[in-house]
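A single chain, nothing else alongside it, follows as structure tokens in the form predicted on its own.
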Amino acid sequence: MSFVEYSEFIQDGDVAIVYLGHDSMMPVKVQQGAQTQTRYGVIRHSTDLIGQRYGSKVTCSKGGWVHVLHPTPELWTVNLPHRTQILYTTDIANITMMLELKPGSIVCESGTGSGSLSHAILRTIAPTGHLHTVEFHQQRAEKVAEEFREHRVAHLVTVRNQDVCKEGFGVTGVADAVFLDIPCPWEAVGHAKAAMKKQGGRVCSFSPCIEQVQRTCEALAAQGFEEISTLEVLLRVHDVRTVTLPLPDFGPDAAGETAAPPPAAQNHASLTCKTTTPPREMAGHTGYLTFATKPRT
């Protein structure tokens, strides 16, 4: 199992996603002789998981069943242990696209946090790219490095425990793209520029407050970055449902036609169709994404 390559069968040491329902999943490290308790009963790793195909339907000890899914960055995002506030797929998809990431890209990231975005970047740049990620907090850096090893992507990533605003990314002139998710991104813009290739590249900064955005844009402009833009992604999911609508009675179609029967005798015609309805409530602001381009030097 790897987060960047698909495996057909579950093996000892894999991280699998136990799917109980759309809003109920959990990551499980598969180990010989281990057990996992669910509301449907116990899953025995040796007999129920190891050797089974990913996507299999597994019957638990109480008779209920679950599906066991191959891990992906999207599934990890909604199941990972939160050590910090994380980025979700709505923002991640835009970051990946706007930074123009592709297989072979070299990316610098700070801070690593819980590794939500990191896993998505690694899948995109595999098999020949590399991620240089910087985390200020020592315990978080050690934990995310351990997860990268468990998820078998450690060969694609270098984790550094340092202050990016003071020490930079630890590399110079190699990055195609830089991502900043730190309290004071304007203090790291100079280091971001130094880490990027002479051929240019893209930088993105995620900030929850508009005051942070203002200072970051000023720093980007001062460092010679171009095409500076900021966007906010708001997801509005419409519900698809079946509705029945009454057909209106407009009276006789032509003069001289027999008058309509009294209301009690009318056959009330209706139309049933699929339609969408907007949500009564929706997720609001998460953060602002500021993008800029480093010109060739």
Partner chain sequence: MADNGDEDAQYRIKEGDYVVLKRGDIFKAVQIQPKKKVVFEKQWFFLDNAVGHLYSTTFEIVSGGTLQPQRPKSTQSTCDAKEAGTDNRNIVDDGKSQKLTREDIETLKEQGLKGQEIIQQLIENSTTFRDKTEFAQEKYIKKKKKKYENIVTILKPSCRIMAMMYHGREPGKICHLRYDTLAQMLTLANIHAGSKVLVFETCAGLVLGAVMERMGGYGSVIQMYPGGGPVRAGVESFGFPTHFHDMLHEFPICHVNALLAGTLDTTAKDPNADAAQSSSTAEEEPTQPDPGQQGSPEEQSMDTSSGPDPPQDQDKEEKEKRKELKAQEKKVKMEEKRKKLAAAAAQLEGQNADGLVIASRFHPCPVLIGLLKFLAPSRPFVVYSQYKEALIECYTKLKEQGGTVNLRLTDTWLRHYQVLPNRTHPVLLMSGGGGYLLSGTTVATDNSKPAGSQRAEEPASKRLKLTDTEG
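This one's a predicted model, so the numbers in the text were calculated from it and none came from an experiment. Residue numbers count along the first chain shown, from 1.
Form predicted in complex with the partner chain: not shown, discussed below.
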query	finding
Heavy atom of each of T72, T96 and V237 within 4.5 Å of the partner chain in the model of the complex	yes
Contact test in the model of the complex: H137 vs the partner chain, heavy atoms, 4.5 Å	no
Contact label in the model of the complex: H191 to the partner chain, heavy atom within 4.5 Å	no
Touches the partner chain in the model of the complex: T90 (any heavy atom, 4.5 Å)	yes
Exercise: T36 in contact with the partner chain in the model of the complex, heavy atom 4.5 Å	no
Segment assignment from 207 to 215, 141 to 149, 156 to 164, 106 to 114: heavy atom within 4.5 Å of the partner chain in the model of the complex	207 to 215
The partner chain in the model of the complex - contacting residues of 134 to 172, heavy atom within 4.5 Å	none
